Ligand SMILES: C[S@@+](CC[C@H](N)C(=O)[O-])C[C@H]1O[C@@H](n2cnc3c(N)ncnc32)[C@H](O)[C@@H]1O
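Here's a solo chain for you in C-alpha cells, the form predicted alone.
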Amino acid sequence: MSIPPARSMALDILRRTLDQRQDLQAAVDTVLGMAAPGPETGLATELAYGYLRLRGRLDFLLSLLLKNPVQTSPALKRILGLAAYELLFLGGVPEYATLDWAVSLTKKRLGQTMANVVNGVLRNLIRLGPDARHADLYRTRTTGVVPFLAAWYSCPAWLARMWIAAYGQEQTELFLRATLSPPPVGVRINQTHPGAPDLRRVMQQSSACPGDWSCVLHSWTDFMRDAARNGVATRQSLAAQSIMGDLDVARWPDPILDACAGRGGKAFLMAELGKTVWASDINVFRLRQLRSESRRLGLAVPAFLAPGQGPYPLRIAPQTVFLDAPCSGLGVLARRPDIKWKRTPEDCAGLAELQREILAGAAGLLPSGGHLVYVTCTLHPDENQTQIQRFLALHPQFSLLIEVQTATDSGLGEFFYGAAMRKK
C-alpha cells in the first residue's frame, strides 16, 4: 500500500526536529508548506506534536514489548512510537489502518523481518487494552518516584529529578501534568487599531477574555486569521501576556529598550499600551520578522542588531531595559514539546551564564531611577530566582520591586518567571 501522507509528513517533521535539531513549529511549517492544504496536514501536525508530548510514555511501553529495546534501531522505534500514539490516543483511526501503514512502511524501509516485529509489537500493545492508558501500569513497572514520573508524564529523568529538588514532588506533578496538553490559544487585540473595539465585542461574546485586550480561543479560525492579517489581532501565549501584567508593565518608565526582542511579541504588547519601545536582537532573521510585524500592526518600533550583552548603539539612555532572556524553555513544554528531548543540564548551565552576562550589560545602561525587568519562560531556579538573587547581591544599587511566577493552578498551561528591579 502507499503510505498515508499524514504519516509520512509526521515522520519527516520528527526527523527534522529530533535529528536535525530544527524547532518543532519551524519543521511543521517547512513540511506542510510542501503539501496541499487539507485534513492530512492537520493530522500530521497532531501526530508530530502528540508523539513528542508523550514520547517518554510511548518509549516506556515499547520497552516492555520489545525483546531487545536497547538494540532496536531509532528508525524502527520512531515508526512504532508514532503508530502507538495513533492507537492509544487517536480514537477515530481504525486499529487495522494503523497496523497496515506501520507494517507496510517498515517493510519498505527496513525489510520484512522488521515489519514482522512491528506487527507483533503493535498487536501486543492493543492487547494491553485500557491498562496502557492508566498510571497503575507505569507505577507497578517502575522502581522509585523519578522513573515513574519520567515514564507516566513523559519527560527525561533529569528534569523530573531537578524539579522535585526545586519545587517538591506535588508541584512537580502539577507542572508535568500541564505539559501533556496543548495550552489554550491566546489572542492579543491591538488596542491602537480602529477595528479593535468591534473585534473586542465579538470576542467577548464568543470566547473567554481574561484581560481587557486578551482572549482565549478553542482554535485559530479563519475569522481570526483575517483579523491578524489586518493587524487587529496577534496570536500570543496567555501566560506571556499575563506575566507582563503581573510585572505592572503599564507603569514602566519609557523609553523602553527590549534588548532580547526576538520577533517582537512583547515589544508590540508594550507599544500597544502606548509605550515608546526600541528593540534589539542578535539574530538578523528575527529582526526581519519584527519589522514585518511592525508593518502589519502599524506600530513604529525602531529595531537594530545587537547582542543581549551589549554594547548598544544608543545616544539616549533608556528608562527601562526589558530582558525577555534566552532560557531553557522548560516552562513552555506544552507548546514546544520538542524542547524536553533536546535540552540537557549542561545547556541550562550555559544559558544561566549567558543570562548573567546580559543582566550585567543591561545594568550599566540605566540611569538612577531606571527599571530593569527580567523574564524567562522556564522552570529552573538557576535561571530564575537564584539568578536574580545573585544579580542583586552583585549590584546593590538595584532593589527588587516585583517577583512573580505563573501559578500552577492558573490554567494557562505554561509557566513564566519575572522580576522587576529599580536602580537607586
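Predicted model, so just to flag it, every value in this text is computed and none were measured. Don't overthink the numbering: it's just position in the shown sequence, from 1.
Just so you know, the form predicted in complex with the ligand exists too; it's not on screen, but the next bit is about it.
Peer 1: Is Val31 near the ligand? Define near as a heavy atom within 4.5 Å, in the model of the complex.
Peer 2: No, Val31 is distant from the partner.
Peer 1: Does Gly331 reach the ligand in the model of the complex if we count a contact as any heavy atom within 4.5 Å?
Peer 2: The answer is no: Gly331 has no heavy atom within 4.5 Å of the ligand.
Peer 1: Answer with yes or no whether Ala325 is in contact with the ligand in the model of the complex, where contact means some heavy atom within 4.5 Å.
Peer 2: Yes, Ala325 sits close enough to the ligand in the model of the complex that at least one of its heavy atoms falls within 4.5 Å.
Peer 1: Considering non-hydrogen atoms and a 4.5 Å limit, does the ligand approach Ala261 in the model of the complex?
Peer 2: Flag for Ala261 set to yes.
Peer 1: Pick from 120 to 128, 171 to 179, 141 to 149, 278 to 286: which stretch has a heavy atom within 4.5 Å of the ligand in the model of the complex?
Peer 2: Residues of 278 to 286 come within 4.5 Å of the partner.
Peer 1: What I'd like checked is whether Leu43, Arg78 and Leu105 together line the ligand in the model of the complex, meaning each has a non-hydrogen atom within 4.5 Å of it.
Peer 2: Spot residues vs the ligand: no contact at all.
Peer 1: Between the options Ile164, Met114, Leu354, Val185, which residue brings a heavy atom to within 4.5 Å of the ligand in the model of the complex?
Peer 2: Flagged contact: Leu354.
Peer 1: State the residue from Val373, Ile358, Leu54, Ile388 whose non-hydrogen atoms include one within 4.5 Å of the ligand in the model of the complex.
Peer 2: Partner contact (heavy atom, 4.5 Å) among the options: Ile358.
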